[in-house]
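Only one chain is included here, represented as structure tokens and corresponding to the form predicted alone.
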């Protein structure tokens, strides 16, 4: 096998893994701290992509400020969703059923809102001119933009680790995750913290959508594809486990990249096969959660 081809697929899989990790980490964070499986999380990826299209391609703002604004917009939308809707069902009997129905309904609502505002035509964003070229690594050519996406994913992973493990906010998250009532008795502002967690998690989804906009077509329905991939990632890594999401994203990114190389017609099935194997032999996930986010 051509070593250059293998290396190129390795970089391609790593790029896909980082965009998937950004979405899955937010999904895992919400589940680990808020104890909500947010089916609408993929829709915040969609919101981030369309916000980036609006501020970069329509408004004409530079790319990177546009990406940050798109992520912030998705985060604000997430806070509104948590504050106005989800907060009202916390602790209610049959909460899980309400969560599923409510968050799933937001997939349909957000998709329709996107269609009303931006239409159903495909949208696209030009990547920054400084990142439009490739650089040579040995005998392979790697797009500069892909390398930046990989670096952003790694920086977010390290930053989130620092936030969760080394800050007071992180200690509050772990306390809420372990026992919400006890954390409240110890002085933690639980409602505010849960809203901030939701905003941070949905901002990560929006960041992934904004970063993906120059490499993928921005179209309604993309959020559903992303939530399926994210669900596979968090199941493989372990529900509510942040580093599990990172490992799961790496596995799915590389499995998909090499699946396309060897058996392109079956590539889409490989990620499901990996999830099935994990569910059979380690149903709690590869990095099973042992308390805390």
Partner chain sequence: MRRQRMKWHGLLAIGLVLVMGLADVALAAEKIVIGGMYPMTGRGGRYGIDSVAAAEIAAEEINAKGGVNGRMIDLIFTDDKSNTSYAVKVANRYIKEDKVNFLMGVVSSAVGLAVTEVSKENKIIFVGTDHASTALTMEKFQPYYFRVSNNTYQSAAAAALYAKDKKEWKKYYVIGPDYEYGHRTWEDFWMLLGKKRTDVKMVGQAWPKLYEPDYTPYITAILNAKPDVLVTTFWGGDTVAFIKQALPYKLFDKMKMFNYDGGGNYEVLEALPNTLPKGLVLSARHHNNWPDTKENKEYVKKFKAKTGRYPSYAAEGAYAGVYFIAEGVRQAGTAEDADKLVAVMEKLKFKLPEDPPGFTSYMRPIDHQVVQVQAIGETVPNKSFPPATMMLGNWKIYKAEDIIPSEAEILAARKAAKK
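Residue numbers count along the first chain shown, from 1. Keep in mind it's a predicted model, so treat the numbers as computed, not measured.
What comes next is about the form predicted together with the partner chain, which is not displayed.
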| item | value |
| --- | --- |
| Listed residue (261, 247, 68, 61) with a non-hydrogen atom within 4.5 angstroms of the partner chain in the predicted complex | 261 |
| Contact flag, residue 122 vs the partner chain in the predicted complex, heavy atom cut 4.5 Å | yes |
| Contact flag, residue 220 vs the partner chain in the predicted complex, heavy atom cut 4.5 Å | yes |
| 4.5 Å heavy atom contact, residue 76 to the partner chain in the predicted complex | no |
| 4.5 Å heavy atom contact, residue 215 and the partner chain in the predicted complex | yes |
| Stretch in contact, per heavy atom within 4.5 angstroms of the partner chain in the predicted complex, of 160-168, 135-143, 202-210, 181-189 | 135-143 |
| Sequence-ordered list of residues in 231-270 near the partner chain in the predicted complex, where near means a heavy atom within 4.5 Å | 257, 260, 261, 264, 265, 267, 268 |
